[in-house]
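A lone chain, given as structure tokens: the form predicted alone.
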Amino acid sequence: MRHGRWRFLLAALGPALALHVVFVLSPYAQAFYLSLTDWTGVAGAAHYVGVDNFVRLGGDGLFLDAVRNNAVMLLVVPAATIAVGLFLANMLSTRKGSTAYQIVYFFPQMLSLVIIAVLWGFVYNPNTGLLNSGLRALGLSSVARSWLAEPSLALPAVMAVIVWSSVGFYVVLFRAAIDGIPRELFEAARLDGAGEWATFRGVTLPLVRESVQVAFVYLGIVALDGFVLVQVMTVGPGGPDGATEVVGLSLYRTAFTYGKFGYATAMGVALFFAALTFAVLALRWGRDREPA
């Protein structure tokens, strides 16, 4: 009987495990191996160079600029997106007829990142773009800028697009979490004289904490990427003067422009461990703050 059970489990799980090993685990293993070689992507032979690629990353100025920009995005994008998402979700949960607004907020999720990048490239156009045209129409011509051509503005402009394109999904996520809170808790808070801010801080926020934690992890991973928007929207791409360089873009350029696949794979492995470390720390931080 016991042998029959094991044969059944092996037959049921074996194909799925085999596919997982072939299509998920083996590419990771191959990437880890290539990061230790000087493979050019063309030559059949890949010579083992040990950790030289990772040592070179520490002295690569462009890669360090990319790490800095990704770190800034990691600090800004999750915080801004969650703050806006929570605010809108809380507002929608207390207003009637909010479904239409929820659909409007979710609309960017139905567009591909390439389309979003192209659209916002037009919006940011310094001469005919919607943003500068609106500012000039309001008599704020002095505020109009070349948003993607000035080093101090290019990265914030890209981050604004990431927040805009992401916030709709998290409005829906947080709205669902808020709708799951028993109405009696809100009524009790109102009877105690709590205002909207006190109710949000004392009732809503603690009870949607798990959703916020999940959102923080996903948005952190998005912030560590940013490749598509930077590739399509910015000059260079990655410019001006490396102001919008991100690790994904450095990886792509190193591999497909310079033909240094081994070195580019080392960047990918470093990015993988950065994302993994961030996710583990974020989840652990959330677990440590759970009430006993």
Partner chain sequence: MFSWAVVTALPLIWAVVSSLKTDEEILNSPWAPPSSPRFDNWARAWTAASIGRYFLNSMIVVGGALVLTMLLGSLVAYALARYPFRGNRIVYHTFVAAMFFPVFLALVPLFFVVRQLGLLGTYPGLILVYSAYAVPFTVFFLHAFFRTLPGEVAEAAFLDGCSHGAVFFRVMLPLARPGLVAVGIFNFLGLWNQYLLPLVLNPDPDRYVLAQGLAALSVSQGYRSDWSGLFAGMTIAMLPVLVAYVAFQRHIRAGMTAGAVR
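Computed from a predicted model, the values in this text were never measured in an experiment. Positions refer to the first chain, counted from 1. Superpose the two forms; the largest set of C-alphas matching within 1.5 Å is the rigid core.
Form predicted together with its partner chain: not shown, discussed below.
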Want to guess which of 180-188, 143-151, 121-129, 196-204 is within 4.5 Å of its partner chain in the predicted bound form, heavy atoms only? 121-129
Are all three residues 34, 111 and 248 in contact with its partner chain in the predicted bound form, where contact means a non-hydrogen atom within 4.5 Å? yes
Contact test in the predicted bound form: residue 218 vs its partner chain, heavy atoms, 4.5 Å: yes
Looking at the partner-bound form in the predicted bound form, is residue 63 within 4.5 Å of its partner chain by any heavy atom? no
Contact of residue 49 with its partner chain in the predicted bound form (heavy atom, 4.5 Å): no
I'd like to check something about residue 134: if you look in the predicted bound form, is any of its heavy atoms closer than or equal to 4.5 Å to a heavy atom of its partner chain? yes
Can you name the residues of 258-282 that have a non-hydrogen atom within 4.5 angstroms of its partner chain in the predicted bound form? 261, 264, 265, 268, 269, 271, 272
Does the distance between the two CA positions of residue 13 reach 2 Å or more between this form and the one not shown, the core being superposed? yes
Return yes or no for residue 30: a CA shift of at least 2 Å between this form and the one not shown, with the rigid core superposed? no
Cα separation of residue 253 and residue 23 in the predicted bound form versus here, shift of 3 Å or more: closer
